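Only one chain is given next, in structure tokens, and it is the form predicted on its own.
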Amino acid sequence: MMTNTEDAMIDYYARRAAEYERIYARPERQADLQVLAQFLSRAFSGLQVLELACGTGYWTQFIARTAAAILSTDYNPEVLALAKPKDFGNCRVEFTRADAYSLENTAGGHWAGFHGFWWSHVPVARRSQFLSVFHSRLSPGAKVVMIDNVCVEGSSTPVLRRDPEGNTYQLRRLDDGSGHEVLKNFPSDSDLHASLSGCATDIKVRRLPYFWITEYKTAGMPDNSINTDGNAAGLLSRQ
């Protein structure tokens, strides 16, 4: 069951869909965005990727440069409508509507997972639930990458308030003049390690001036159908 905060965030991103990608035009972030694009273009070479909260497909297009296949999910049909027409080259990309906390009608066995700018919107109290559902759709030992924002004074929207559970919130405004309180957390490296310990191995956190990247593997023995070089054997036959 969704909370009022999560309902409000869904409404906000539905309203923001048409103006969402403007955030990637900020001049001070261009060097970091280039690093992220280059990183994601190599990160999932030859793999079948499950992407959560794909939004307008901005990051999907970089993953698609070397991935074998991508199943991209989002709850909002408004952003999915903008993602589907993008050019994904030879990569087979499928889009489906799904709640990230249940991933209903989403098959398991994916050899890699990705979500960008989603972890910061997961309430502290729901992190374990989210990871449990997400990892249940991935193979043991699957590669996972997540990226998100660093809070930078003068560039990030200021934090408006903090609730008793430790979640922080921003007040954001859209072109129509409406104001929206949006949950947006900025975890430390130790927070990320603490959230992932017990369900992940090989956790690596890298910080850029405006963004962070976390890589890890899901707990458990690797799937024997994945070659030792990280590429999938007979990938498309499993679709």
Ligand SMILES: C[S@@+](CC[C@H](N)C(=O)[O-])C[C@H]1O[C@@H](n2cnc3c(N)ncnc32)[C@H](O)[C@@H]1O
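It should be emphasised that the depicted structure is a prediction, and the values quoted were computed from it without experimental measurement. Position 1 is the first residue in the sequence shown; the rest follow in order.
Only in words, not in the display: the form predicted together with this ligand, which the text now covers.
- Residues with any non-hydrogen atom within 4.5 angstroms of this ligand in the predicted bound form fall in just one of 111-119, 162-170, 84-92, 134-142: 111-119.
- In the predicted bound form, this ligand lies farther than 4.5 Å from every heavy atom of residue 200.
- Residue 63 falls outside the set of residues with a heavy atom inside 4.5 Å of this ligand in the predicted bound form.
- Within 4.5 Å of any heavy atom of this ligand in the predicted bound form lies no heavy atom of residue 71.
- Taking non-hydrogen atoms only, residue 10 approaches this ligand to within 4.5 angstroms in the predicted bound form.
- The candidate spot formed by 54, 79 and 100 is fully in contact with this ligand in the predicted bound form: every one of the three has a heavy atom within 4.5 Å.
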